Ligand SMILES: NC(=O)c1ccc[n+]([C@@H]2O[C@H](COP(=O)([O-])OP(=O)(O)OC[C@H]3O[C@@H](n4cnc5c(N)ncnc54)[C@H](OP(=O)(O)O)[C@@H]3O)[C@@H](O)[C@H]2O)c1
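In the block that follows, a single chain appears as C-alpha cells, in the form predicted on its own.
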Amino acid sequence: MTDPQAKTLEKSSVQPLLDELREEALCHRFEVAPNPCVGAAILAGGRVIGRGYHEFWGGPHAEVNAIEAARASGVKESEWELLVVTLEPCSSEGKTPPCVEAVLALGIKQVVIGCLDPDPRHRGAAIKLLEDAGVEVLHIDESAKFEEDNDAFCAWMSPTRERSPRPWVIAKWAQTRTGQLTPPEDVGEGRWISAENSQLEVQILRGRVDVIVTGAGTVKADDPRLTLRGASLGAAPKRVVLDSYLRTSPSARLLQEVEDGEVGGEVIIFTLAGADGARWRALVDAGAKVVGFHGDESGRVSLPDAYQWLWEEGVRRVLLEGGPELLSSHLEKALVDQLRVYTGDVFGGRGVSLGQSLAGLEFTARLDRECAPDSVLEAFLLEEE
C-alpha cells in the first residue's frame, strides 16, 4: 500500500503535466467528437519522452500515440517509468483495441490518471486491471475539468441521448458572405464556393464518418458522387439519400461505378413506405438499397426514424451535406450536433440564405479559423433538454 503522503507529492509533481496535456488535447476536440479529448505522456528518468493525443475520430487513442512517440525517442522500453493520461484508458473494444492492453504490454509500473471513464459500464475497469497486474495507479480526480473540456462528449453520454439514441451529426456546408449555398452563375462554374484547400478538408472529413447524408434535391441539382478521392482514400462511408418520393434517377452519378482514384460506399435511399414500385425496383436494379419509412407531419420521411435506423445499423458519426431546406429541417428538429461552415470570399449568390438560421444558434464551443481564402466556423450546438 503506497503512503498517502507520497501520493500527494506525486500528484503535485505531475499536475502541471496533466494541465498541459488537457490543454493540448483540446486542439483536436472538433476532430474527435463525439469522443472525448485525451492526452497522454510517457516519462523516463523524470522527463517526458513521448506525448500523444487522440487526434481524430476512429484514429489511434492518446496512449497509443504516446507510446509511438516514446519509441521514436530511442529510450529503451525497460527504462520507461511512468504513464500520465488525462482519462482512464479504455478497457473495451471499439474502433480500436483496448488501450489498457497496450499499457500492460509495456511493463510500466506507475500510471497517473486524471479522470475515471465516464461510462458507468467501464468506470474503474482499467484501474482494476492495472492494479491486478501490479501497476501502481494514482487517480487524480479531475472530473469537473473533464466535463468542462468535454461538454460535447458529456451530451453524447447524457440520459436524454441514451433514451433516444441517434448518431452524432455534423452539418457541413459552404456559403457565400451573404449566406447563400449556391454562388452566382459566374463564380466557380456556378457550383463551387469554397477553395481547393477547403475541398480537400472535406474529403478528409468524409473519410472520418460512417455515413454521408444528403437530400434528393441536392442529388438532382448537383449530381454529386459523394466519394473519397486522392490522398484521403480510406474506408468509404455509406451514402444515404433522403428521398421521400423517389426522385433520384437510376442514372445518378453516385450510382455509377467508382472511377480510378476514388472509393464510394454503399448507396442507401430512404423513402416513404409504399412509394412508387417501378421507381423502387429501378433504383434497386441500379445498385441502391431502398428503405421505406413512415411519413412525418409534412408527409416526408421521418428524420428521427431515419436516424434511429442508422443507429441500429451501427452508424455513430454522420456527415450531413445538403441544401438549405434539408439543413434547416435538421436544425429545426435539433438533429445537428456539430457544424463546419466554410464561408468563401464570394458576395451574393442564389437561393435562400442560411445567415439568419446560423445567427440564431447557440454554441457550447466555437472555433473560428482560416482555410485560405475561406473562413471556417466549427462549433458544437447546445443540446436541448
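One-based numbering along the sequence shown. It should be emphasised that the depicted structure is a prediction, and the values quoted were computed from it without experimental measurement.
Omitted here: the form predicted together with the named molecule. The next part is about that form.
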With a 4.5 Å heavy atom cut-off to the named molecule in the model of the complex, the contacting stretch among 105 to 113, 209 to 217, 121 to 129, 261 to 269 is 209 to 217
I'd like to know whether residue 247 contacts the named molecule in the model of the complex, with contact meaning heavy atoms within 4.5 angstroms.
yes
- Message: Just checking whether residue 91 would be counted as a contact of the named molecule in the model of the complex - the rule being heavy atoms within 4.5 angstroms.
- Response: no
Classify residue 173 as contacting or not contacting the named molecule in the model of the complex by the rule of any non-hydrogen atom within 4.5 angstroms, answering yes or no.
-> yes
- Task: Indicate whether the named molecule has at least one heavy atom within 4.5 Å of a heavy atom of residue 326 in the model of the complex.
- Result: yes
Of 71, 161, 139, 300, the only residue with a heavy atom within 4.5 Å of the named molecule in the model of the complex is 300
Residue within 4.5 Å of the named molecule in the model of the complex by heavy atom, from 222, 313, 305, 77, is 222
Checked 177 to 201 against the named molecule in the model of the complex; residues with a heavy atom within 4.5 Å, sequence order, are 181, 182, 193
